[in-house]
Structures are given as structure tokens and as C-alpha cells.
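Listed next as C-alpha cells is one chain, alone, in the form predicted on its own.
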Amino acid sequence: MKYVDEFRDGALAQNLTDSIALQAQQSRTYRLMEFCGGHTHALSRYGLLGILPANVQMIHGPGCPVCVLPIGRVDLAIRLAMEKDVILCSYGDCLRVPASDQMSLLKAKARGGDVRMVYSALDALKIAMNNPARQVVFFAIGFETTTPPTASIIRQARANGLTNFSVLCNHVLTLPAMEAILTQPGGVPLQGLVGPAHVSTVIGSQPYQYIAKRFNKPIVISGFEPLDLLQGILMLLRQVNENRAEVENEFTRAVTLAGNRKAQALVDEVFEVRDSFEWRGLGSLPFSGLKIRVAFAEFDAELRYPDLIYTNVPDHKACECGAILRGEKRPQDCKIFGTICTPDNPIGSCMVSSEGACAAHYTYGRFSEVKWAL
């Protein structure tokens, strides 16, 4: 396929792997964190973790939007569906995220809640337009990538005069999560960061300059294909070896310095930064989430249903999702990984989405450490 096959060329991948091996000094350990769930998925899917030198370690970060969503936010969506008689619209992965009392949005649907899976934010708006007698709530999640579409439908809802549509906003920001990882007490020592690709198409590469300078960490924004990631890792190793801490852009075919100015303006028009927002694994982070501006308050589900009070809910005691999202543990370090917790029966959110570290390792990597006997 044009523009895909050339980024999966085996000979070029071998050349890049050889270059990485030459750059990886035996006296050093390189711990590189990828901040995007798409990168986590790609690293496992294409077997890249198995061809890197042993001293080049990829650490999974909090880049999966489904994974970082705390239980209490899912509980709010379930209450809307079960108690408020709304049509609750959600992306597919969110339906299976475990919530309180062994519930999920999928189970709420099975118990009579009108929960509908949508493929885009626009689908939720169309459902509201086609059901004027019902209240429709869109369960909005994601980083800067999915925020512009949510802003767009809120603006369209106002333009169309809809009174039966609102949004339960759970959009979060990348840079505060990066800061949290790099400042957490006793955190994993990192030598570099693989910057997210989709997020960077929106915000550009410029915002990462602050992180690179403050923490003296190199950042390379990488695409999702095998050659993208291998090239990005090679660029990080060169920076580490040369004692540089710069923001470099491997994904130049999609990411610019300034990003998508139209998308940024749309988001700024509809949303503002919350004082704090809770993340799974990271706790409440200041200025890390978005809320709907007062000018669009009639579309804010949290204002339309003021008795919906957010409550912090601890993760399952046996689940290590929090530590995995912080990079402190690997999926295989969790005692229930692949036994009790599987994609068909997820105990933690990291096993739900294909971008979750546990789901990616379960699908592509769980047999890689098995020693077969003849």
C-alpha cells in the first residue's frame, strides 16, 4: 500500500537496527518512554521490542486515553445511563472499562441502560438530532487528538439550537502527564521520551521545548510505523550519547512546529483548563484536564445534572494498571495478567484498549519469553 509499505521495509529496518546496536554503548542503559498508546501497540505488534539491544529498554507511559480514565468518571457515565434515562454515547473501548461494583457501560446496557457505541463525536450529535424527545450525552475522552471533534459538535449543537444534547467532558492534556512522570518521587529514571504522534499533529512540536529544557531530556516525536519508531529510537540514542536534550521531529510528514492552528483555536473557543483532574495511576494533576467554557455551559453534562458528584474510586487491589501507567512495572509483572485479567475479562483498563500496554503485550508479546523445549 502506497505510503505504508515503504515504512515497513525489512531491509531498511535491519539497517536501522544495526545502527541502533552501534549507538547503544554497552556501558549504559537507555530507558526510553513512549507516551502514546499507539506507539505501545506498534512496538508489540511489529516485534520491535525483541530486536532492540538488551540495554535499550522501552518503558510504557500514560498515553492510552482509555487507560488513564479513572473509575469514578466511568461511574458518572453509568449513572447517567441508568438513573437519568439519557442516551449515553461512547466510543467502543470505553464500554468495557471496569467500573465500581463490577459494572461497566456494557453491563449497564445489558441491564436496560440506553448505551450506544459511536465511531465519532459527530455520530453522537446525529443521534441527538434524530431523537429530539430524548436527552443525549456524549462521553468524551481523549488527549488533544480527539478534543477538536468534541469542540466542533458542541459548536454545531449550539448553531442548530439543540436543547437535548450535552457532553460529559473527560479530555486531558499531554504535557502535565509528562511533567508528572518526570517529577514523581522514586519514579523510573528515563534517558529520553518518544513524543506522541497524533497529539503532536494538533499541538505541534514547539510545546515540548519546555519539557526538554526543564528536565534535560531529549524528546523525539515519532510516527507509528516500524521504521518511524526505529528511526525515532536511533535519534534518541544519538542525543543521549551526545549529551543533548532537544526536541526533534521524526514525523515531519504530519507534524509541524506550530501544529494545527485551526484546531487549537476551536478548542480554545469551547474549552478551558480545569484546576485539576484525576488520572488513573497519577492521581489528581493540576491543570491537566479540560472543561466546557461558560459560553457553552448548556452543553455541559456536569452542569445539566448537578447531582452527579465525582467520587474517587481505588483500583482493584490485584490490578497493577497504575504502576504500569507510571512506567514502574511491566504488564507481565502483574500477578493476574493473562490469567484472571484478559481482554475478554479485563480487571484493569490497560487490558481493554488495543493501545493499552497489557492488551498489546497479551496479543503480541506474552509468548516471547517462553523457552520452548525440544
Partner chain sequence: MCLAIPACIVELLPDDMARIELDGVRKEISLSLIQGARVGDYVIVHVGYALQLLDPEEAAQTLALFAELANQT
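Residue numbers count along the first chain shown, from 1. What you see is a predicted model; the values in this text were computed from it and never measured.
Heads up, the form predicted together with the partner chain isn't pictured, but that's what we're talking about next.
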Heavy atom within 4.5 Å of the partner chain in the predicted bound form - residue from V273, M103, A297, A254: A254
Which residue, Q206, N216, S120, N131, has a heavy atom that falls within 4.5 Å of the partner chain in the predicted bound form? S120
In the predicted bound form, is there a heavy atom of the partner chain that lies within 4.5 Å of any heavy atom of F224, even though the partner is absent here? yes
Verify the contact flag for L69: yes if a non-hydrogen atom of it lies within 4.5 Å of a non-hydrogen atom of the partner chain in the predicted bound form, no if not. no
Non-hydrogen atom contact A177 with the partner chain in the predicted bound form at 4.5 angstroms: no
M82, heavy atom within 4.5 angstroms of the partner chain in the predicted bound form: no
Picking from 182-190, 276-284, 161-169, 262-270, which part of the chain touches the partner chain in the predicted bound form when contact means heavy atoms within 4.5 Å? 262-270
Out of 19-36, which residues reach within 4.5 Å of the partner chain in the predicted bound form, heavy atoms considered? S19, L22, Q23
